[in-house]
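What follows is one chain in structure tokens, specifically the form predicted alone.
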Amino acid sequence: MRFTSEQRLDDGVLEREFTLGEIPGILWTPASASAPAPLILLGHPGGLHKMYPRLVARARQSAAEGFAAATIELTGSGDRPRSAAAEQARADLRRALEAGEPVDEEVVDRLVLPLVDKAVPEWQAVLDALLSLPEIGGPVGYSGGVISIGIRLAVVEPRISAAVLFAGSFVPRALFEEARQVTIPLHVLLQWDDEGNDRQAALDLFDAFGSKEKTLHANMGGHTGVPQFAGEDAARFFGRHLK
């Protein structure tokens, strides 16, 4: 891992951009800590520059609770090389949504499954590097989307102890089966009026999760209308499981 920039935010949080091989990312650490900080991995749908305002707000909230936070640029997003197959699948998905047509499961598989297969090993490699830093310790949580990435990580990565998952992206049928293998505590955020989300599919996915402790936090409003108190509830969830 190579740090490429560093700045201290106005609340004292240290923000450092890094690269690990071809993977760019950002690490935020609390202003002061008496011991290595627990870590929250911040998932998002791609485009670090576009998503930065929302990511840094989530990181600041995590730091206020004593957690470090990190995120990476997804394969095929930002300045990373594009996949022709993924671009075609994305175009097919957009065409169906704009026409008001049902989205074919085959399109979802073509778009999401290759992303999950590539992103999860990258997240694990970054986690290896982050946990080698003296200021970072365990346990580890995952927060955000793409929810399919969070599902796979929860199944294959034993260092992740709890997850806050954002409903609102298309989930391949194969990931529903993987969801039954998830056993860590879950807190799932669902925007009831999310214009791009199949609400019933989100409810079916929540039902499929195998975790004994799982909470569904549903709020009225569209995709970007998550109320502040919902984020505060998610922070309390991590406080219970990562401290």
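Because the structure is a prediction, the values reported are computed rather than measured. From 1 onward, residues are counted along the sequence shown.
The form predicted together with a further copy of the same chain exists for this protein as well; it is not shown, and the discussion that follows is about that form.
Novice: Please tell me which of A174, A64, A57, L203 lies within 4.5 Å of a further copy of the same chain in the predicted bound form, judged by heavy atoms.
Specialist: It is L203 that has a heavy atom within 4.5 Å of the partner.
Novice: Establish, in the predicted bound form, whether Y52, D79 and R94 all lie within 4.5 Å of a further copy of the same chain, using non-hydrogen atoms for the distance.
Specialist: No: none of Y52, D79 and R94 comes within 4.5 Å of a further copy of the same chain in the predicted bound form.
Novice: Heavy atom to heavy atom, is A31 within 4.5 Å of a further copy of the same chain in the predicted bound form?
Specialist: Heavy-atom contact with a further copy of the same chain at 4.5 Å: absent for A31.
Novice: Just checking whether E17 would be counted as a contact of a further copy of the same chain in the predicted bound form - the rule being heavy atoms within 4.5 angstroms.
Specialist: No, E17 is distant from the partner.
Novice: Wondering, does Q181 line up within 4.5 Å of a further copy of the same chain in the predicted bound form on heavy atoms?
Specialist: It does not: once a further copy of the same chain is placed as it appears in the predicted bound form, Q181 has no heavy atom within 4.5 Å of it.
Novice: Any of the heavy atoms of D198 lying within 4.5 Å of a further copy of the same chain in the predicted bound form?
Specialist: No - in the predicted bound form, heavy atoms of D198 and a further copy of the same chain never come within 4.5 Å of each other.
Novice: To test your reading of this chain, name the stretch in 39-47, 206-214, 22-30, 66-74 whose heavy atoms come within 4.5 Å of a further copy of the same chain in the predicted bound form.
Specialist: In the other structure, the partner sits against 206-214.
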